[in-house]
Structures are given as C-alpha cells and as structure tokens.
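Below sits a lone chain in structure tokens, taken as the form predicted on its own.
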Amino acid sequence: MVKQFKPNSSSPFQARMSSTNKKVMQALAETISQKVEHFSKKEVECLIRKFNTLLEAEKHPDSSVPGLDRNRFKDVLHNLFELTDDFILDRVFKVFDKDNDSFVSVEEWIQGLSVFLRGTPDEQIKYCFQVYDLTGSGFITKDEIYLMLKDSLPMEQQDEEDEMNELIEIVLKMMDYDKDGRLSFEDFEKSVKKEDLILEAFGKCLPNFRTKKKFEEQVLEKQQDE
C-alpha cells in the first residue's frame, strides 16, 4: 500500500511556501506604502494581514473575489469602529471603492484607512465632503441634506416635514457662504475650519478615539510585535 505524502509543519515544502508568501507580502507592502502617506511599510504589512483575514471570513464561493463587497465592508466598519448609520456606510464604501468595481481591494482598503484613521484635517474634510456629496456633483444639495438628516432621526420624527425643512434652512444659513442654496466644497471647508464639530454634521463617518486606538493597538502595534 502506497502512503500518501502529507507535509507536516516542519517540511521543506511548507517552509518554501511560507517564504514565498512572505516575499509576496513584503513586495505588495512596499508598493502600497509608497502610495499612502500615513503608514509605514511594517504597518501596511499588518493591514494586509488583517484584510486577508477579513476576506477569508467572507467565505465567498468564488475564490477569485477581488476584495470586500459592500455588505462585508459595512459589517467590518460596524464591528471595528461602531459606525451604525447604514445610509452613511453605503457612502463610505463608495469613497473607499475608488475604481467603482463594487469591491474594496487591499490597496483601496489601506489607502482609505490612511485618511480614515490618520488623515490630516484637510484630508478628512475632503473625505467627509465626498461621503456627503451623494451624487458626486461637487455640491451637497438641499435634497441630499434632507436625506442624510432624515435618516439620522428617530423613526417617529422622520415624517415631520416642517421641522426637517426648518433644520435644513438653519444648516444652509450657517454653512452656505456664497448663498446659492447648496454647499460647495469651499463652503464646507470654511465651515469646518470655523467650527470643527461640523465635520460630521450629516452623519458619523469617522472612527472615535476609542475605536481608533483599539484598532491600532490590536492590528498595527500587536502584529508588529509578533
């Protein structure tokens, strides 16, 4: 009877595979780290490993799936960063998915997290504006403000049209510097720089200090020590 060869954990075959995978990881990390501002190469390697873990957990029947799909991505941001607004999470997905292929690739994941976690004030202002500019027109319109604010209200208040319209008028009075009835990027930027609490005025789309710190400790710092 012929015995089948089963490589054990110390076999030369597995050692070569592990070495190859490590080299591929390092090459990918090198490429991505040259494109992002706020992560070192070692941190990028940690983020790639985390991404691969999340991708494996997705359990797609198609092993060639290129990244995190919309639902999986939203679950990840909910579980890791406690973002709960489904409407806004859809928009965050769109901002991360730069090539609009309906998946967030490993490179898009790391580029997005660079701003999401460690972006400069200017980078995060641009990011939030992109999230709130629902149609990509370059403006946040009254209708878009209505949709975002309505979605953030408790169900029993969502049908109160007069109060919603009054709230929108207050927002425009405060933020619409050129008085054209909509918010340009310049309007939004000027408003946030005057009062930084306005940054997430239309829905939470950034992590709080606690969840950001926890992610960095568990994914970036811990994995680098291993």
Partner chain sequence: MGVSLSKAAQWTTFSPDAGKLKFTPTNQALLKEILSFLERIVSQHPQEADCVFEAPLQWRTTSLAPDPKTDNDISVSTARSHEANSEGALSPPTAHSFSQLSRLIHAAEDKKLEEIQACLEENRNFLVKILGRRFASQLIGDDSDAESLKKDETSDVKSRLMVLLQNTDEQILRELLRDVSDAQYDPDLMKVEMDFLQFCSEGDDRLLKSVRYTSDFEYWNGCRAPPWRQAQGEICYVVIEPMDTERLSVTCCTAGVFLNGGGNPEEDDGCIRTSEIYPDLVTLMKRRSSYFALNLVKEVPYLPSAQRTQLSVSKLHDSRTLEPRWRDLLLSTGGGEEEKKLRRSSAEKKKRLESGTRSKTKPEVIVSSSPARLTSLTKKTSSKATVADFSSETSSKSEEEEEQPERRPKSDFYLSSEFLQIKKLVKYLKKSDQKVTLLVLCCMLDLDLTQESCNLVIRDEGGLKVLLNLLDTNEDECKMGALKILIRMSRCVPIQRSIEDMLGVRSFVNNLDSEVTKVKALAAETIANVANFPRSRRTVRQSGGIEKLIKLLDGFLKSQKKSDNSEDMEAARCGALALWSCSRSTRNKKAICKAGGIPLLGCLLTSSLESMLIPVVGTLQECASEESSRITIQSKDIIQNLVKNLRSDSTDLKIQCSMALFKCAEDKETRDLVRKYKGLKPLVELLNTNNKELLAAASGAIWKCSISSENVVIFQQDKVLESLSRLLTDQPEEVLINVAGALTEFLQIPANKAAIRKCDGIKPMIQLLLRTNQALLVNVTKAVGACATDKENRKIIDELDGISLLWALLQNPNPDVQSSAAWAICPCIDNSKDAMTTVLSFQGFGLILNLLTSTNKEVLVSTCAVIAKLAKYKNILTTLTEYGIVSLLTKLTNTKDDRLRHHLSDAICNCCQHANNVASFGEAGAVEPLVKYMKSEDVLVRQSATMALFQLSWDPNNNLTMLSKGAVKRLIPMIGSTLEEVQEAAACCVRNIRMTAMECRRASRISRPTQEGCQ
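Source: prediction; values computed, not measured. Positions refer to the first chain, counted from 1.
This next part talks about the form predicted in complex with its partner chain, which is not shown.
Of these, 66 to 74, 170 to 178, 38 to 46, 25 to 33, which stretch puts a heavy atom within 4.5 angstroms of its partner chain in the predicted bound form?
Looking at the partner contacts, the answer comes out as 170 to 178.
Give a yes or no for residue 149: in the predicted bound form, does one of its heavy atoms lie within 4.5 Å of a heavy atom belonging to its partner chain?
Answer yes; at least one heavy atom of residue 149 falls within 4.5 Å of its partner chain in the predicted bound form.
Hey, in the predicted bound form, does residue 214 get a heavy atom within 4.5 angstroms of its partner chain?
Residue-level check for residue 214: no, no contact with its partner chain.
Applying a 4.5 Å heavy atom distance criterion, does residue 200 contact its partner chain in the predicted bound form?
Yes - in the predicted bound form, heavy atoms of residue 200 and its partner chain come within 4.5 Å of each other.
How about residue 56 - does it come within 4.5 Å of its partner chain in the predicted bound form, if we only consider non-hydrogen atoms?
The answer is no: residue 56 has no heavy atom within 4.5 Å of its partner chain.
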